[in-house]
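Okay, here we've got a single chain as structure tokens, the form predicted alone, with questions on binding and movement later.
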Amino acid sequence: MTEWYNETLYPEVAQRFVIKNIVFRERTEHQDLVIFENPVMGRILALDGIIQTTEGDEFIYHEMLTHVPILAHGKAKEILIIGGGDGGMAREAMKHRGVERVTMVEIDRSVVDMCVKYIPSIGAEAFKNKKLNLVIDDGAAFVKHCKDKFDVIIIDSTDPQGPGAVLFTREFYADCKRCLTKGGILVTQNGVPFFQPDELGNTAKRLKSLFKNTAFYLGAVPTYYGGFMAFGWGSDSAVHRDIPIKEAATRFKASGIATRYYTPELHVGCFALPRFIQKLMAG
């Protein structure tokens, strides 16, 4: 009998993955955590019935949420990651030579420990890097009381339910803005608009109420099925988002980073949105 892992993100539609074997499973202090192997996607991390990342396509998600804002900024030295327990986001952020420190705030220590132990290919090396400052804390509480300033803040959250729900509120985004340097950039994970229109629409309203320049950009991540995945963008600077392809290419070449998904052309093109997403943004 073939055993399947059935994702429970949506009530009306679903995707499933063949389970080659269960690598690890436990109920942590915050959520149900399972790591299993799939013949196509490799090792997969799921929390509370929802797929978080896979060895097969994690590079797409992690590259788009790091390289787009960091290269757009051009001079980012201090990076804050909220979430990101698998280490992939920190891994990509620390590839940038100009980045001096990455502060990563993860609520669940077990996610970090189990990913390092059972999915080391994603981010185990990142946790050995001296640039990384790992903080085990609630992300919303951290930014509310944080006195430091960051050039780029990356919200690598779960979906807006359970521990991740607070990371989609206006209050949280306002606290993040207070922690940004002048002209700093906030980027967020915003799900798949085709199946999660309210998530994008609500975030658009909240970001618009706080930032002078807001947008969404897209990436196609097979694991997050349903079409394009959306990433939110908030900044008080319009210059960062509007860099031309030539400038993006110059910065990318200077970085010396090898990517599997990100390109300078994609950097500029990913901000072009289908009409239905434009309508969601407009409310």
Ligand code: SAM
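Just count from 1 along the sequence shown to find any residue number. As the structure is a computational prediction, the values presented were derived from the model and not from experiment.
What comes next is about the form predicted in complex with this ligand, which is not displayed.
In terms of contact with this ligand in the model of the complex, the residue from A124, V192, L132, V166 that brings a heavy atom within 4.5 Å is V166. Contact annotation: of the candidates T158, T103, T181, N202, the single residue with a non-hydrogen atom within 4.5 angstroms of this ligand in the model of the complex is T158. Among residues of the shown chain, Q31 is one whose heavy atoms approach this ligand to within 4.5 Å in the model of the complex.
A residue is said to contact a partner when one of its heavy atoms sits within 4.5 Å of a partner heavy atom; L47 meets this definition for this ligand in the model of the complex.
Taking non-hydrogen atoms only, I107 approaches this ligand to within 4.5 angstroms in the model of the complex. Contact annotation for I154: none of its heavy atoms lies within 4.5 Å of this ligand in the model of the complex. The stretch among 70-78, 146-154, 207-215, 83-91 whose residues place heavy atoms within 4.5 Å of this ligand in the model of the complex is 83-91. Although the partner is absent from the chain shown here, none of D175, S235 and L280 has a heavy atom within 4.5 Å of this ligand in the model of the complex.
Residues are counted as partner-facing when one of their heavy atoms sits within 4.5 Å of this ligand in the model of the complex; in 213-240 these are Y224, M229, in sequence order.
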